[in-house]
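Take a look at this one chain, the form predicted alone, written out in structure tokens.
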Amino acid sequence: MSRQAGRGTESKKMSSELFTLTYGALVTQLCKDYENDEDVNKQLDKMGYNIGVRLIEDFLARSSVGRCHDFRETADVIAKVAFKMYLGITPSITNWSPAGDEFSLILENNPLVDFVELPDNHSSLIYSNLLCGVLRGALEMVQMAVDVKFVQDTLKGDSVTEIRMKFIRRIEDNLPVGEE
């Protein structure tokens, strides 16, 4: 019986490491395919956006989270439910703007950067930029336009990884006349 419990943890760790290494291979290939880091950053964001657009359905089905009533509640769900569910971490929420429309997610440990060192010739690469796209794409599907960017990164010598999220506007459904 205890063997089964040990295997589940081992399997999860192996899956996490496989994901990390696979992501590393993807970023490496993008660096080979594109001439500069800015183009790689754009591709990672675009890929993340496409993942987020699809991932939100899985998240809503598996988490049974209802509609969030404000941006603070959205931040809590992202940090405490979504990151935990998909990356196995719980970032802290800090640095709220006075207007309550902007905050930071602090990742003490970013699982995407395990086993990674950025080469000197890729100093402007935002290695985990996929996460920004995922967040932007997922929130857009629940009628929330946001700006998401990395402001600190442990790969660049910072003590933590910080993702800054800013609420831009609510997206209104554009239904054809007569349909609700």
Partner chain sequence: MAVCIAVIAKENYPLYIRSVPTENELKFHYTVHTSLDVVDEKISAMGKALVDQRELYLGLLYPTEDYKVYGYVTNSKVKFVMVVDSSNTALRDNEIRSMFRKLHNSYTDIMCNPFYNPGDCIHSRAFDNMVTSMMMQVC
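Computed from a predicted structure; not experimentally measured. Numbering follows the first chain given and starts at 1.
Only in words, not in the display: the form predicted together with the partner chain, which the text now covers.
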Is the gap between Thr28 and the partner chain in the predicted complex 4.5 Å or less for some heavy atom pair? yes
Hey, in the predicted complex, is Leu21 touching the partner chain, heavy atoms inside 4.5 Å? yes
Is there any non-hydrogen atom of Val116 lying within 4.5 Å of the partner chain in the predicted complex? yes
Taking heavy atoms only, is Leu125 within 4.5 angstroms of the partner chain in the predicted complex? yes
Interface segment, criterion being heavy atoms within 4.5 Å of the partner chain in the predicted complex, picked from 145-153, 117-125, 132-140, 54-62: 117-125
